[in-house]
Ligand code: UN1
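Just the one chain here, the form predicted on its own, laid out as C-alpha cells.
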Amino acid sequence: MAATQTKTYQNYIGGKWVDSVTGRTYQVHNPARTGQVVGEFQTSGAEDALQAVASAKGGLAVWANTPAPARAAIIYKAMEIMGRRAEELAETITIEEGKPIADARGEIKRAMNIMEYAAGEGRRMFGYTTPSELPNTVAYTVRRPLGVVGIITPWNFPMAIPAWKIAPALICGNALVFKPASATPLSAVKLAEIYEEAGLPAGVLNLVTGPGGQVGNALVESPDVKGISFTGSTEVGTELYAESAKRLKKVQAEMGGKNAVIVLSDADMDKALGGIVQGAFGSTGQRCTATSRVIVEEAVYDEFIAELVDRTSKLKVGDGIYPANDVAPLSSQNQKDKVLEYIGVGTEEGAHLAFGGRALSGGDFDQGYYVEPTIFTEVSTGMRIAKEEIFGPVLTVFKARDLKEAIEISNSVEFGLSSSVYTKDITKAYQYINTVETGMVHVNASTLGGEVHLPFGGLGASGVGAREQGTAAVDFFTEVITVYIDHAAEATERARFI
C-alpha cells in the first residue's frame, strides 16, 4: 500500500500562491497523533515578508479607494464561504491545534460572527460634524485607513483570532501581511483561500508562514508597515510594542492572562462549578481567557473543593476529533513540557495536588501530548503557579475570608485580562466590578470569551494599545482626519490660536 504523500502549502503574495525565497519547508503534526503529518509549509524569511509588504502597498491603492460598502460585500461573501466549509474548517483546527471538535466548531462560528459585524461597519464608518467657532466654516471628521498593517496571530485560536483582526482591518480599507503562528498555518491558508474565492483584490491580503523572529521582525522594521496587530505572549508583545514605538507605528498587543473566579458563599454552586470546570479545562486550558485561579469564600470552601474534584474526575480525555472527549491534548511537546514543569514547581512550592498532575500514557495517549486536568489547593499568592501564566489544564484554588480579601488575591498578579464573581448579592457584585483590575468583568458567568460587538482586551501585562473588536477595532485600524472648509465668498479676518 503506497504511503500518503504530504501536501506542501505555499505563501499567498500578490494574489498568487508562491514558494518562499528560502526554499525551505517544515512539517506540522497532529498533537493527538504525532505520527500524522498535517502538511508542509513555507519556512519564510525577511525577504518573503518584504515582498508581501510591497504587494500590500500595491493592493492598498485599489482597496483604500473602494467604497466601504463594496468592501463589506466581499467580507459578507467570505463569511458565506466559511459557512459552507464550516465542518471542514473545524476539523482542520482540531487536527492541527488539538482542541475538541465542539470548541473548534464554536471557533468557526465566532469567526463568522466577527466577519458579519465587521462587514456591517461598512455602512457605519462614522465621523462627525460639529459647529466651527469661525463664520462660514464647516468642520467635520473622516476616517482614513492606516495603510499596510501586519497581522501576527497565535496558535490557540488559529481561525477566530485572525478573523477578528483581518475583517475589521479590511473593512477600514487597509492592506495586510498576515503572519500566523508557525504551529497552526493550515487554518491560515484556508482563511486566505476563502478571501481569494470571495473576490478580494490581489495584494490586499498576503500570507507568509514561518518563524516570527524573522518574518515578524521584518514587519516591525519595515517603514512601509504603519500598524501591527499582535496576539501572543507578554514577553514577545512587550518587545514588539517597544520596537514599533521607536518607529512610530500604531500597535495593539493582546497578551497573557491569569484569570480568577471568585465564589462567594451565597453563589449558585452548580452554576459556578459548571462555569469553572469549562473555563479551566475546556480547550485544555489553552485560552487567554481560561480560568486559571479560583478564590472561594471559606464558608463554602470544603464543599466547593469536593464537588470540583468530583466533576473534574469525570472529564474524558482524548483525541479532540471525537465529540465524546472533553479534554484534548496540549498543542505541542513544548506546551506539554511547560505544563508538567509548572506542576512540578507547584508541588515543590508546597501546594497540595488535589487532583491530576500526570502525563497520560498507554494506548492512544502515547501518540499525543496528554496531561491530566490538574487542581492545586492550599495555594498562596507568592507561588509561581499562583502568578505565572501556565496555559494548560491547571487550576489553582485559594481560600478567602470575605469579598475584600478575594479581590486582593484576584488583583495580586501582573495580568488583568478577564475575571468573574459568582454571587446573588448585587451590592457585592458592584463592589467587585468597581475594584477588580481586569479589562473584562463577568458576574455569574465564566471568564471565557466576549461578544464581537464589545471591546476585548486587558490591563497591565495582558495588553497594551487599543482594544480589539467592536467599534474599538475601527478606531485602531483607521486614522481620524479633521477637516475645515472655509466657504466664505471673500477673505475675512480669522483668529487662529494653534
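As the structure is a prediction and not an experimental result, all values here were calculated from the model. Residue indices: 1-based, along the sequence shown.
The same protein also has a form predicted in complex with this ligand, omitted here; what follows describes it.
Asks: Among 222, 289, 252, 94, which has any heavy atom within 4.5 Å of this ligand in the predicted bound form?
Replies: None of the others qualify; the residue that does is 289.
Asks: Just give me the single entry in 78, 215, 260, 161 that has a non-hydrogen atom within 4.5 angstroms of this ligand in the predicted bound form.
Replies: So the residue touching this ligand in the predicted bound form, by this definition, is 161.
Asks: Since only the chain is shown here, I'm wondering whether residue 110 would be in contact with this ligand in the predicted bound form (any heavy atom pair within 4.5 Å).
Replies: Heavy-atom contact with this ligand at 4.5 Å: present for residue 110.
Asks: Evaluate residue 312 for contact with this ligand in the predicted bound form, applying a 4.5 angstroms cut-off between non-hydrogen atoms, and reply yes or no.
Replies: No, no contact at 4.5 Å.
Asks: Could you confirm whether residue 456 comes within 4.5 Å of this ligand in the predicted bound form, counting heavy atoms only?
Replies: Flag for residue 456 set to yes.
Asks: Can you tell me if residue 449 lies within 4.5 angstroms of this ligand in the predicted bound form, counting non-hydrogen atoms only?
Replies: Contact check for residue 449: yes, within 4.5 Å of this ligand in the predicted bound form.
Asks: Which one of these stretches, 198-206, 152-160, 421-429, 408-416, sits within 4.5 Å of this ligand in the predicted bound form when only heavy atoms are counted?
Replies: Heavy atoms within 4.5 Å of this ligand in the predicted bound form occur in 152-160.
Asks: Are there residues in 209-243 with a heavy atom within 4.5 Å of this ligand in the predicted bound form, and which are they, in order?
Replies: Heavy-atom contacts to this ligand in the predicted bound form: only 231.
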